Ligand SMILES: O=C(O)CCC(=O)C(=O)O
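In the block that follows, a single chain appears as structure tokens, in the form predicted alone.
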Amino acid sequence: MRSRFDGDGFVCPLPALNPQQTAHYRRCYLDFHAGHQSQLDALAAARRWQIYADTHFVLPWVDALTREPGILDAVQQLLGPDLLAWNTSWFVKMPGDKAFVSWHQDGAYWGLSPMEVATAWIALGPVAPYNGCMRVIPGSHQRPHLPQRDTWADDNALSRGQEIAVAVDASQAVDLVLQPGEMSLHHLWIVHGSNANLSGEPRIGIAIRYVAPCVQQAGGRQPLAMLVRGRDTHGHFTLAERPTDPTARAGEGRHAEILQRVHAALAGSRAAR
């Protein structure tokens, strides 16, 4: 798997969750979505990070999802036995949702090095071109890094509407089709994006960004992470305690404080580069 990841910049599909686990986490997500419906309806796609980002720090069931052995066993093949869950982002497109993700490279924004980083994208329902699956440009992680710009487009699901500032040859794109319970793994620098969901089938998935403890983020204050396997012998991250409050809400209280800290760290990282 490592050679495929290094060569193409992604591996897909891979088993992640069994049917019972998939059904459980899908129910958890749908309950979460229903409980935050009014907030999500009030937010443009580009602002939904206030609800969808870094929920593993505050919601026990999302924390549990980041620790599932079926996911960690695959990630360990890429990053080694010591793993941190640095970031999570829900990427959900309900039927008819206009949200899309423009072509971009994650490495342009996060300030992480060395490149011992992998994103696991886990599907909690069918994910295909008709409902806006992720698309990647194979091998693009090995090419020179491309210039990026912020568009602040409302329907762009990225926080600042980030996009690559030069033309991308979409004819080279590969659709990462996933069945419920499957996942893809992709490289920090691969060019990727996704289209809107024009179907009647929701696209429900979460991106979990795992890093090896040797990774550092440029900038000032130490970033937060959760130790999900092995040990951290480097101390480059502040290790958060596992969440225990089943009534915690996204976008409020502890979660709002964490998002403020995370975005301050990202801003410091951009300023440092």
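One rule holds for the numbers: they count along the sequence shown, beginning at 1. Computed from a predicted model, the values in this text were never measured in an experiment.
In what follows, reference is made to the form predicted in complex with the named molecule, a form of this protein that is not presented.
Listed residue (L72, L79, V136, V101) with a non-hydrogen atom within 4.5 angstroms of the named molecule in the predicted complex: Answer to the contact question: V101.
Options 188-196, 174-182, 161-169, 142-150; stretch whose heavy atom lies within 4.5 Å of the named molecule in the predicted complex: Contact-bearing stretch, as computed: 188-196.
The named molecule contact in the predicted complex: W86, any heavy atom under 4.5 Å: No, W86 sits far enough from the named molecule in the predicted complex that none of its heavy atoms falls within 4.5 Å.
Touches the named molecule in the predicted complex: E201 (any heavy atom, 4.5 Å): No, E201 is distant from the partner.
Partner contact for D97 in the predicted complex: the named molecule, 4.5 angstroms, heavy atom: No, D97 is distant from the partner.
Partner proximity in the predicted complex: L40 to the named molecule, non-hydrogen atom cutoff 4.5 Å: Looking in the predicted complex, residue contacts with the named molecule do not include L40, since no heavy atom lies within 4.5 Å.
The named molecule in the predicted complex - contacting residues of 103-128, heavy atom within 4.5 Å: Heavy-atom contacts to the named molecule in the predicted complex: H104, D106, T119, W121.
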